[in-house]
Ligand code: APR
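Just one chain follows, in the form predicted alone, and it is written as structure tokens.
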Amino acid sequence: MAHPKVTVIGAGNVGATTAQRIAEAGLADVVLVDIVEGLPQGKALDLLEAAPVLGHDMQVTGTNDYADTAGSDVIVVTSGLARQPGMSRDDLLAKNAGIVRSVVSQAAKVSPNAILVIVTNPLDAMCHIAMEASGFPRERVIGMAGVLDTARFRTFIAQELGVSVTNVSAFVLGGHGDTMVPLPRYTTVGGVPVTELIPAARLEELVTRARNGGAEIVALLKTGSAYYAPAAATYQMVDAILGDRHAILPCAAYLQGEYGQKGLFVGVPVQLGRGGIEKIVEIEMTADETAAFGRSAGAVKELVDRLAEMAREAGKAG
């Protein structure tokens, strides 16, 4: 029986590490694609040569040609630029929108039934570009953010309490990064609400640290950004899809009235299986939580509106 096939677009740190996790778990054959000649081929060969040691038979292929990605079950998009010194947020938005639009339209053409998992930042806005470029229904365009934000939050809670991270279940909604909305009353440690275990003021500090989790790593590394945890989070989503696990994970999904939002990708709990998003799980929120979620969605809307504005300006200039 043929293995499932996953294409990872972008052979940088996040893409290559995601490819490594998927292949080494025996989840799927992986095609690593990049615009730079030799880069995906070299990394793929290196990963392939680790297979005898690790004992898996997944194929890992590197290519610069989207024809090699045909018939993929899942397409993971990690390609894009990190923000450079002196680069405005608008510059980054425009550049990454162009990259994501180009790679998604090429990949979707040869894998029309694939599920797209978007990792490129600014994540929520890039999901819009991917949905437009692919023409896929909302069930098959999913953003990786909440799994990573939740993992960071769980890490800090486990460290604070000196417990196993496996005992901590956390809940994070909203846009990726500094506007995310952690819900402490839905966050538990061995079934006990975290609000019973950590004082409110200290919990708020942990929430802030989770919100700025990416920035903290960037500041430490000086050059580059996080990739081990983002790759692990992406792997968990791909595993839930290919394994048809019906797993409930926080992901960026296109809302059509859920949580009072329409026409935006925002982080919410979704049930993931072989068809992509099977269900968006709606929960009751307090007035404060609803307001925070609204602010988070508003931040996403600003980016999406700015993209539309830039497209109109480009149209006029052209």
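Start at 1 with the first residue shown and count on from there. Since we're looking at a predicted model, the values are computed, not measured.
Another form, the form predicted in complex with this ligand, is not on view; read the next lines as being about it.
- The listed set 103, 157, 241, 180 contains one residue whose heavy atoms approach this ligand in the predicted complex to within 4.5 Å, identified as 103.
- For the options 229, 99, 147, 131, the one in contact with this ligand in the predicted complex, meaning a heavy atom within 4.5 Å, is 99.
- Though the partner is left out of this view, residue 285 does not reach within 4.5 Å of this ligand in the predicted complex, counting heavy atoms only.
- When this ligand is considered in the predicted complex, residue 119 lines it closely, a heavy atom lying within 4.5 Å.
- With a 4.5 Å cutoff on heavy atoms, residue 79 counts as touching this ligand in the predicted complex.
- Although the partner is absent here, residue 254 is not a contact residue: none of its heavy atoms lies within 4.5 angstroms of this ligand in the predicted complex.
- Remark: of stretches 35-43, 286-294, 262-270, 22-30, the one touching this ligand in the predicted complex is 35-43 (heavy atom within 4.5 Å).
- Of the residues in 47-69, only 66 comes within 4.5 Å of this ligand in the predicted complex through at least one heavy atom.
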